[in-house]
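The form predicted on its own is given below as one chain in structure tokens.
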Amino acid sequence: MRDIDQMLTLDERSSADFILSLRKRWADTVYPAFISEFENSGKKVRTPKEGEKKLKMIKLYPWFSHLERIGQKMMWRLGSDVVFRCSDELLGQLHTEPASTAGTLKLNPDLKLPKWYTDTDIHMQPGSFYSDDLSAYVYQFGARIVMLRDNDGYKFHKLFANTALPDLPANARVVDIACGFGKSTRPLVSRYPGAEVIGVDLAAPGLKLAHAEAAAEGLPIHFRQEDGRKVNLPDSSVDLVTGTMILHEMPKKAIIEAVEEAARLLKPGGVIRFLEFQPTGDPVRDATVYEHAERNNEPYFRDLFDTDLVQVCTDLGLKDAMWVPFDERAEGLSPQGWPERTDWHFPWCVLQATKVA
């Protein structure tokens, strides 16, 4: 199965390199300069909300803001151009069922997508991720650049699987909610050989791509088009429910419903692990995260930050509920806290809890 990277023309590759370099310099050069200018201004910030107002008064802010947003737009434009130019081959890969595969794909054309999901082009991707089969390839292209190519080979998700997920029985069942095009699901197969691995998502295009790529490698993953808040599995039938970067893309009610569903699915002794973001306690740093969410069409960041999911887990009868920092450039799960960094980066954090045995 051919990858998009193999299809780029010289000009397209040059454009991709430019966009990637722009994002890197925005993070490691413009952001530190912006923060330095703010610190030298003498302004004091007590809360993220106050920080959002005062940060916009800094002279470098328009550049800091514009470069992030325009870089995102350039990325989606290039990805769309490449994908549509190669559409025949890419669609052929999705629609050609392999002769044999260890996994399965179950789509539900009657599934009603939530309005909060369809109303916003999340990440500014035109048409979002669910609109047509090619949108999955566009998103896959963009996701690589957004992660600054540090997740090539699923490095980031492997780190999450290997450091944040517990050991499980050989015959375990694992459910990955909002699996997208499979980047979070595929590392689960190597982490849990012999387990039944199920990837659930609302978007059929992503599931088709996830299945095609998994089948090409002979991976036994079962992909299902279902709402992660209502998974078609019995109560107490799953050893691990996981999800990466999904709760912040849901309104508060849906966030709580997703965690409630995870608790329903878990066997006694089963665990949940959601890789997400959490406030750092630094009002300036946290203000830049809120502003990122605004620029990137991610309106539910505030809902996640305003929801006490530790208490939600406790109320559901889960024990040892907590948020644990996660650092993608160090050792993954980082109970001692986030390391000091000067570049702009996400405050990754893992929600973990265990169902009482």
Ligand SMILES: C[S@@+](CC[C@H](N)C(=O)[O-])C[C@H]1O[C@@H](n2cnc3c(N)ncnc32)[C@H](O)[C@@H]1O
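Remember, it's a predicted structure, so these values are computed and weren't measured experimentally. Start at 1 and count along the sequence shown; that's the residue number.
Beyond the structure shown, there is the form predicted in complex with the ligand, which is absent from this document and is the topic of what follows.
This chain is displayed alone, yet in the predicted bound form one of 278, 244, 140, 125 has a heavy atom within 4.5 Å of the ligand; that residue is 244.
249 is the sole member of 249, 286, 239, 213 with a non-hydrogen atom lying within 4.5 angstroms of the ligand in the predicted bound form. From the list 189-197, 164-172, 202-210, 261-269, the contact stretch for the ligand in the predicted bound form under a 4.5 Å heavy atom rule is 202-210. By the criterion of a heavy atom within 4.5 Å, residue 179 is counted among the residues contacting the ligand in the predicted bound form. Residue 273 falls outside the set of residues with a heavy atom inside 4.5 Å of the ligand in the predicted bound form. Among heavy atoms of residue 228, some come within 4.5 Å of the ligand in the predicted bound form. Proximity of residue 184 to the ligand in the predicted bound form: non-hydrogen atoms within 4.5 Å are present. Heavy atoms of no residue among 26, 43 and 63 are located within 4.5 Å of the ligand in the predicted bound form. Residues from 94-118 that approach the ligand in the predicted bound form with a non-hydrogen atom closer than or equal to 4.5 Å are 116, 117, in the order they occur in the chain.
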